[in-house]
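Only one chain is shown below, in structure tokens, and it's the form predicted alone.
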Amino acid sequence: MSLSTQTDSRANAPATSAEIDASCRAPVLFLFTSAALWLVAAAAIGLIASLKMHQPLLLVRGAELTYGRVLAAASNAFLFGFAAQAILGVTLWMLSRLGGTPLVAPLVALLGAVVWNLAVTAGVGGILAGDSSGYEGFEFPGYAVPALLIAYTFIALCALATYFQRRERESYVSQWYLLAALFALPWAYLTVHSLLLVDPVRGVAQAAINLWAVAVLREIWLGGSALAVIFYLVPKLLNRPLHNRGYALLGFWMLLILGGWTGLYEGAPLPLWMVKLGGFASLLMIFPLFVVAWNLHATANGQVVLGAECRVLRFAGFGLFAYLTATLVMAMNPLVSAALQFTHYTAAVKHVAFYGAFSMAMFAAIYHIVPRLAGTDWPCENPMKWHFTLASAGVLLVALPLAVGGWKQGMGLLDPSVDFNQISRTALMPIRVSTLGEILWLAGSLLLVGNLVRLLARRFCPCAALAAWVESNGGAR
């Protein structure tokens, strides 16, 4: 073999894990830390919204904390403060690791992350100040959107450049989902911004565009990102190969084709043909759901996921179970929508999808990736254990009471002999129980932030490093 051939072979060889982690360290840790802080902010604001559902006189002195503004602020803080940054952090690290190449232009990605946080702060503040756009999931005022798109472009270009410079030529299923999610967010947001805010369309087209964009965020952006993490962690932590790449490809394309149409639900203010098309797409979602479930079940080959000893795998297992449950329930939406569309049942399903499926998968990713970037294990295992307990209990205590209460609401609304005030009183107890779930979720989020800050301080704080050096030298003497 000639010298030039040996040189080319070394240049095309996959980078080491240490090289990849070093290139990702600054932007990914910044994104994860910012995401955790925004998660706490979203949970705190969401707790206020939950309390105001049964304590309407709470914090009524200013318009900034009225229920409508607080609910929209909590939703957008979760979506664009926590979810977006967690997805981008996972995308940068995973595309680098699976591609066998260091992250391209990490300082550009870090700059984009800083601008993104400034834009999200302006957006959440604008919602509380009364500048909301009024469209579900996209309530940020218009002046915050350009900065969001610029920041996202910086980070996305780094991710795409890293993918196209990969040294492992065969793509893995997680890369497919992450790339789809990378395009889904700007696709949906630019559509809403241009067709509903800059040059608004008329009539029912506004509702159709908004419902389609929300479904893209839920199914392709959040759901696809959760599946990317699950498909990466489950085979890796169980030390098993993925059962069938063809099944994974089928599930991916079916989600990509059907996902956006599922938002046109039964009872939406749309033409009948749109509603029927949306209902048909929702029912067809059973097929990618079955493909994903079977593929991962065969991959596990009888090994426990949800109850595994590995706590990272527990988070991933809970996320998978919640994803399958939420998708199955939403697939059944055309059959129950006539009775349940105006009840708390819809909020319960959304909570399972956002907090049970997506968030728990992202927690698994954070707990798996951060020690590799920091070069040290988590300071203590107990916070991770309690975080899983509190977060899973929080999801269940919000979703189950609202689902049961929503079902009772729906049955009462269908019965003309039942007084509407009685239906409202019936829903009061489930809302109070769900507030307890919000408290547990907030407590779990605080544990995540505390554990993350403690690890970063121990690893990167100069004082901590100096103390460790003195202790090690003293022990050596």
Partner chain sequence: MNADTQKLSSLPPEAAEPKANAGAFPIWIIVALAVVAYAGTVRFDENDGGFSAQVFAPYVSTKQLEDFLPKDPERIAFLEGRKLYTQNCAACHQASGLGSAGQFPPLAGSDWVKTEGANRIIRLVLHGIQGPIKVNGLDFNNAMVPWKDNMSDQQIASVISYVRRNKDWDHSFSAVTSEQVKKIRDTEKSRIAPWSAEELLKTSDK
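Positions refer to the first chain, counted from 1. Computed from a predicted structure; not experimentally measured.
Omitted here: the form predicted in complex with the partner chain. The next part is about that form.
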Contact residue in the predicted complex, chosen from H193, R218, R97, R311 - any heavy atom within 4.5 Å of the partner chain = R97
With the partner chain left out of view, which of M254, V304, L328, A207 would have a heavy atom within 4.5 Å of it in the predicted complex?
-> M254
Spell out, yes or no, whether the shortest heavy atom distance between A300 and the partner chain in the predicted complex is within 4.5 Å.
-> no
Heavy atom to heavy atom, is P102 within 4.5 Å of the partner chain in the predicted complex?
-> no
Using a 4.5 Å heavy atom cut-off, state whether N244 contacts the partner chain in the predicted complex.
-> yes
Y232: touches the partner chain in the predicted complex, heavy atom cutoff 4.5 angstroms = yes
Using heavy atoms only and a 4.5 Å cut-off, decide whether all three of L47, D131 and P200 touch the partner chain in the predicted complex.
-> no
If contact means any heavy atom within 4.5 Å, which of 354 to 362, 313 to 321, 77 to 85, 235 to 243 contacts the partner chain in the predicted complex?
-> 235 to 243
Members of 367 to 382 lying within 4.5 angstroms of the partner chain, judged by heavy atom, in the predicted complex | P371, R372, G375, T376, D377
